[in-house]
Each structure stands twice: as C-alpha cells, then as structure tokens.
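One chain follows as structure tokens, the form predicted alone.
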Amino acid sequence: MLQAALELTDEVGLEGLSMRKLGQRLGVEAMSLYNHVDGKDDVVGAIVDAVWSLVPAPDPSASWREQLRSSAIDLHHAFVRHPWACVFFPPSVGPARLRAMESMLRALHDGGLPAAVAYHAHHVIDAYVIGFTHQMSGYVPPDLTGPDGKELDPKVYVQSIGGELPHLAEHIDLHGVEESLGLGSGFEFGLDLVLDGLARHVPGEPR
C-alpha cells in the first residue's frame, strides 16, 4: 500500500491523494484501507517518511562538514524527485526523519560545535534544504503577456514597471547562463555559505 500511495502522490500531488483513489489503485474498496490506517493523514505521514528514508546515513568517518553536506544534498535530491514531500510539518514525524535529525545533531556535536550553536544550526539547515527546494520546485514564471498578446522580454517587462534597473537586468541575463557561472548548483552554493558560517563557531577555528 505504501508504494502505491507514493506512486499515486507522485502523479497527483498531496492535494489529489485520497483514500478513494488509493483504493482504486490497489483494486479494493476505500473503506477496506481503514483496516490498516486511520486515514489520509496516516498515509501522508508514512509516504513523507518514506522519502526521508531515501537519504543514506552519512559516513561517520567523514568530517562533520562533509557529513552535513552529503546528507543535505541527498535530501535535496530526494525532494526534487518527490516535491510533494518537501513540507516543514507533515501530519506525523516518522523514524526515517528522526534518524536524519539524530545524524545531523551527532555530526554537529562531533564537530565540536557548542550545544546552543548546534541547536540553531539544525533548524537553519533544515529550513534551508526544505525552503530552497520548495521554492525551486514550486516556481512558476510570471505571466509576461503584453496587451497585444505577445510575450514581453523579461528585462523590457521589468523596465516598464520599475524603470532603469541595471543590476536587476544583469541578474535576469545570468538566469539564462546559470550553469556556466562556475559556482556549482545554487543549492550547493548556498549550503556552503551556511556551513562556512557554522565553521566560524567551532572552538579553535579562525573567525
């Protein structure tokens, strides 16, 4: 049932998931599913945790930074494959997510970060991974259709509203050549900024 629910949600999203549709996918009456789960929230909690389970445990022999980096990137990739699972507060928190939280906190502890820093760091990394991926997967380009029905050039559209904005115009141009900027993916660039900031709080490290 879990695999069927996961595949169905990949097709229709969380809002489209229902016990009726899941029953049809499995070839059974929806009411029979309640012999196994209490309702849709139980199913959602289970399949979100199934996505978290796709993230392998980090290598404990790696540095604290590499452990956090690899786990964050693996989670980002899992959410890109299953964007509906990229939620801050699912109906329940399952064992896979709890193990991921423990791995992150252990890496921060082993890196020598003070408890107060590790506390905030966990929340910051969690928010960064989920927030960045959610924004990326949910992005919808604005409608730039002009009065004549033709699509406007983005820079022309911006200038028609805000006037001459040269730095924003340059930014728009760079969107089209992002892969050639030599900074890796935007996700990894931002993640490294977070980790660089955390490294400043390791006792004995230069600030």
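Bear in mind that the values here come from a model prediction, so they are computed numbers and not experimental data. Between two forms, the rigid core is the largest collection of C-alphas that superpose within 1.5 Å. All residue numbers refer to positions in the sequence shown, first residue = 1.
Although not depicted, the form predicted together with a further copy of the same chain is the subject of the following passage.
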Considering only heavy atoms, tell me if residue 121 and a further copy of the same chain come within 4.5 Å of each other in the model of the complex.
-> yes
Spell out, yes or no, whether the shortest heavy atom distance between residue 74 and a further copy of the same chain in the model of the complex is within 4.5 Å.
-> no
Is residue 175 one of the residues lying within 4.5 Å of a further copy of the same chain in the model of the complex, judged by heavy atom distances?
-> yes
Residue 190: touches a further copy of the same chain in the model of the complex, heavy atom cutoff 4.5 angstroms | yes
Out of 39, 166, 60, 56, which one falls within 4.5 Å of a further copy of the same chain in the model of the complex, going by heavy atoms?
-> 166
Let me know which residues along 121 to 145 have a heavy atom within 4.5 Å of a further copy of the same chain in the model of the complex, or say none if there are none.
-> 121, 122, 123, 124, 126, 127, 128, 131, 132, 134, 135, 138, 139
Superposing on the rigid core, is the CA of residue 156 displaced by 2 Å or more between the shown form and the other one?
-> yes
So with the core overlaid, does the Cα of residue 176 end up 2 Å or more away between the shown form and the other one?
-> yes
